[in-house]
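As a starting point, one isolated chain is supplied in structure tokens, in the form predicted alone.
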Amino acid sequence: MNTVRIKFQKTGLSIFFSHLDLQKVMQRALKISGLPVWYSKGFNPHIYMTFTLPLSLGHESLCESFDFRLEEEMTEQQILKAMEGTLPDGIILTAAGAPDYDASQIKYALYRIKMYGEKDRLMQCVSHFEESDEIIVTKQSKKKTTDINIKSEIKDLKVTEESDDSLTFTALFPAGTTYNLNPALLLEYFGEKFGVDTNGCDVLRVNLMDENLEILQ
């Protein structure tokens, strides 16, 4: 039995799929593909499937992946060919093969974020981030609510593009199986402090990285 990792992009209208929706989409695609997929045993057999790092609703990504098992050996070309036409618009498969890193190695995610509004107000957001010693936000989990300083956690925030009505920046956010920082927390902070409408921001996950900031391909 072979574990296969499918890598894919999630863009366009597919950003409105929740993680649960995405699981159903991928299960359906694997069933339609006719691939010799391994199912769990027992009363309710299901396709074994694990996603490397679930993506927040409304965000795009160029570096998504999930693992499943095949009962026969197959090449990358055979797997991708079998899955042609099985997925909705916005989900594009980019590779298929053996897992090349463990999810526990993920420590950061590089995001590209585009905000819209008056240029001066958007630049205020960036300047405030750069000049502040701390930026306190409230992070909610299922069990508790915690105030955290995200200034010390977000790395390498850089403006990459600006115009009269938009500003794009990149930044590294903590990510992984043990701790994640959603970029929405920073955007909500900017919205509350500077009156920027952050509901329509474009958020794109570009790469996943290890503790040494090496890209996990």
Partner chain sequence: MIDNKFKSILLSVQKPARYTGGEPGCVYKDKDNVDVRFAFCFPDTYEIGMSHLGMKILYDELNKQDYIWCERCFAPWTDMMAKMKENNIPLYTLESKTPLKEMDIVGFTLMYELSYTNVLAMLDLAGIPFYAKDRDESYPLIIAGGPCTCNAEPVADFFDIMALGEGEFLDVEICRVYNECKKQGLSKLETLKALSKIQGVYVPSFYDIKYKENKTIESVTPLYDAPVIVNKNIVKDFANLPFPTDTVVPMAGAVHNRAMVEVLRGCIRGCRFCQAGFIYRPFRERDKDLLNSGARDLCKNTGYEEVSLTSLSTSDHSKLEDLLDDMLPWTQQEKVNIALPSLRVDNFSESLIEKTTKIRKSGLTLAPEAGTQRLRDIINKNVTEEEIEKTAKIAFEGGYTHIKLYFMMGLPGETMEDIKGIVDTAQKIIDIFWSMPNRPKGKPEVSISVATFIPKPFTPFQFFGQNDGQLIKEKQAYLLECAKTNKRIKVSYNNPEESLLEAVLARGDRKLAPAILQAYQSGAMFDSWYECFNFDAWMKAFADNGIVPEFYANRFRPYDEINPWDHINYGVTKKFLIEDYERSLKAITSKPCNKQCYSCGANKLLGRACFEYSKN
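Please read all numbers here as calculations on a predicted model, not as lab measurements. Numbering follows the first chain given and starts at 1.
Just so it is clear, the following notes concern the form predicted in complex with its partner chain, a form of the same protein that is not shown.
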item	value
Whether Phe16, Gln27 and Tyr116 all lie within 4.5 angstroms of its partner chain in the model of the complex by heavy atom	yes
Options 56-64, 146-154, 169-177, 182-190; stretch whose heavy atom lies within 4.5 Å of its partner chain in the model of the complex	56-64
Contact label in the model of the complex: Lys158 to its partner chain, heavy atom within 4.5 Å	no
Residue contact check: Leu87 to its partner chain in the model of the complex, 4.5 Å heavy atom	yes
4.5 Å heavy atom contact, Ser163 to its partner chain in the model of the complex	no
4.5 angstroms heavy atom contact with its partner chain in the model of the complex for Ile32	yes
Residues in 33-61 close to its partner chain in the model of the complex, defined by a heavy atom within 4.5 Å, in order	Tyr39, Phe43, Asn44, Pro45, Leu57, Gly58
